[in-house]
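One chain comes next, on its own, written as structure tokens: the form predicted alone.
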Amino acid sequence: MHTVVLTKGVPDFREGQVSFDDDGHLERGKTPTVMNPNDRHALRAALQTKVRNGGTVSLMSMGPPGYMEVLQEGMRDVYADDLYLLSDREMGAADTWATAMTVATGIQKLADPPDLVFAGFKTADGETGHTGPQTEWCLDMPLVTHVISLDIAEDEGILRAKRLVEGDVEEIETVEAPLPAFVVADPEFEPTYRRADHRLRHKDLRETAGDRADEFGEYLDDGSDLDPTDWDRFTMWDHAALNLDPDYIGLDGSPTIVAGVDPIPKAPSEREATVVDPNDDAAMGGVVEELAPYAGGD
């Protein structure tokens, strides 16, 4: 069983971490990059598959060299075996379609074709939810979205999944799909390890994956003479290695453009906290007075 998980580095949108220039554009150089939060659900689904069914997990991302640290973090989380980064300037500023084209080509170049590809349901920066399904379209695999639980029957060559169907009333649907298949994990996905051998395997995998992630970290350390591309579990491909025409990837290959970006509103600066001693009856009386109108529904 070979599983591929797609992950992406996104700006750290926590308060105080995001920087914008005078024109309101995001300053990526001054904003820390973190793993896309929704990718963690895909990682958890892939980890469950590895614990229950064995096999190997590969992580793949498209982005600048700085995404190697995101891959290292993902390796530790999903107990991944191999890391792939698709990276060069020709791939930069890609929209979801150009990204999907590039990532699908990377998956097709793998020496071991995957039985399963996992993706998170949307990214924290674009929030379109397009890239996963568009990548699946390029790969021509069955697609199952909003998956909240998953079982793989290797001997039958199928997956069985429960997925959320959103509408006037939220429903849970049970589906089957033949392998290989593409799975988009929902934030409600919960891995389960009911059997003792699964829990023991989970423990063993955590230790070996931790060692692998630490080893990759030695290649990433500043000042190290080690080049990450020398590590036999890390592969970086540029557009030439993927045999991709620059006219069809990156900004040139993107049929959509970003018309504008709205900065994240800051918390009102006029709000100030007042420390009140709970043993000070007069002060506490003032607090009750302040809250009384709200308790009355005003």
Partner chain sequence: MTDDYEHYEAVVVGAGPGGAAAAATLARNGVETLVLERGVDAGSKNVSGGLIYAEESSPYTIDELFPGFREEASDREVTEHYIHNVAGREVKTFDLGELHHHDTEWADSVLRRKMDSWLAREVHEMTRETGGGLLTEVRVNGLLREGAEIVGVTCDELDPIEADVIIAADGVNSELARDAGLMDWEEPDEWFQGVKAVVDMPEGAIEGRFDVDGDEGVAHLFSGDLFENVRGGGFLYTNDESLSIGTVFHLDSIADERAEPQELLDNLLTHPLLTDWLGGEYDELEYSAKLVPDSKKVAHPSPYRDRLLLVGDAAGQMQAQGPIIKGMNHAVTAGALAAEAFVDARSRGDTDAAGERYVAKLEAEGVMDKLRPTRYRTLGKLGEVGPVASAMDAVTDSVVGRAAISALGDRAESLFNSPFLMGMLPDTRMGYVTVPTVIAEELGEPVDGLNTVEPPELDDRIGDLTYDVDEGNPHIELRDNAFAASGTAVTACPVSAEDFGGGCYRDEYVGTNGTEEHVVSLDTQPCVECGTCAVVADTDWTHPRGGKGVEYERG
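Since the structure is predicted, the reported quantities are computational estimates derived from the model, not experimental observations. Residue numbers count along the first chain shown, from 1.
The next section is about a form of this same protein that is not shown, the form predicted in complex with the partner chain.
For the options R76, H130, R201, H146, the residue carrying a heavy atom within 4.5 angstroms of the partner chain in the model of the complex is R201. This chain lacks the partner; the member of K109, R195, R160, R89 within 4.5 angstroms of the partner chain in the model of the complex by a non-hydrogen atom is R195.
In plain terms, the part of the chain that comes close to the partner chain in the model of the complex, with a heavy atom within 4.5 Å, is 203-211 out of 220-228, 170-178, 90-98, 203-211.
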